[in-house]
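Encoded as structure tokens, the following chain is the form predicted on its own, with no partner shown.
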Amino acid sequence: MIVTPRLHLVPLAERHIPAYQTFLAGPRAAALGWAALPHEAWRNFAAMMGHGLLCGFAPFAMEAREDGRVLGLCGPFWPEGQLEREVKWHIWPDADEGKGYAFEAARAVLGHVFGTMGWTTAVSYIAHGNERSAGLARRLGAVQDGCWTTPRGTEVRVFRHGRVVA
């Protein structure tokens, strides 16, 4: 677990699945081309949990320290077929957007991957049109480093993070 002033970043657990399903059924996920039916969201979530078992790391669930609400996901990710190690994040619509939770979580995760995990580089893959995430990446100090086409044929922007110590 990683603790920040307002968040607990905890390993993914079954209790987080309903919030993930709600996120992937919502308008933001649809706008980004991520919409998923509940059973598809369950499979995606299970794959992230399995990533943790196979690779030794996975994204964390972001829980508000004050009340335990699940606010989104943030963490390290590097599934097979993905070009580089990634720090990813998703803030869910009911997470009081604009309060800086994603920044707080991502900064802590970057400190973790560059510190504890010993990574020397990390990127965030951000869909074209997802300006909120691109803005967050820039606020974290990342710079766009070209584009990459995913194994599914989707072109995404690559934002490269500098070494961060939280």
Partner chain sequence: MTAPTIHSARLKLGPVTAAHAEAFIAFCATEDSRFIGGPAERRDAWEGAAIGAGLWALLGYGPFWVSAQGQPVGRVGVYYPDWRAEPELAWVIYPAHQGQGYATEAARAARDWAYVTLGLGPLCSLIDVANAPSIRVAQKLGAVIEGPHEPNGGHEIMRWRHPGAESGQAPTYWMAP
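Positions refer to the first chain, counted from 1. The structure displayed is predicted, hence computed values, not measured ones.
Just so you know, the form predicted in complex with its partner chain exists too; it's not on screen, but the next bit is about it.
A.B. asks: Looking at 124 to 132, 52 to 60, 109 to 117, 66 to 74, which one sits within 4.5 Å of its partner chain in the predicted bound form if you count heavy atoms only?
C.D. replies: So the stretch in question is 52 to 60.
A.B. asks: Looking at Ala142, Val158, Ile17, Leu9, which is the one with a non-hydrogen atom within 4.5 Å of its partner chain in the predicted bound form?
C.D. replies: Answer to the contact question: Ile17.
A.B. asks: Decide whether Pro79 counts as a contact residue for its partner chain in the predicted bound form under a heavy atom distance cut-off of 4.5 Å.
C.D. replies: Taking the distances in the predicted bound form, the answer for Pro79 is yes, it comes within 4.5 Å of its partner chain.
A.B. asks: Decide whether Leu32 counts as a contact residue for its partner chain in the predicted bound form under a heavy atom distance cut-off of 4.5 Å.
C.D. replies: Contact with its partner chain, no.
A.B. asks: Can you tell me if Phe103 lies within 4.5 angstroms of its partner chain in the predicted bound form, counting non-hydrogen atoms only?
C.D. replies: Judged by the heavy-atom cut-off of 4.5 Å, Phe103 is well away from its partner chain in the predicted bound form.
A.B. asks: Is Gly146 one of the residues lying within 4.5 Å of its partner chain in the predicted bound form, judged by heavy atom distances?
C.D. replies: Contact check for Gly146: no, nothing within 4.5 Å of its partner chain in the predicted bound form.
A.B. asks: What are the residues of 133 to 152, in order along the chain, with a heavy atom within 4.5 Å of its partner chain in the predicted bound form?
C.D. replies: Heavy-atom contacts within 4.5 Å come from Pro151, Arg152.
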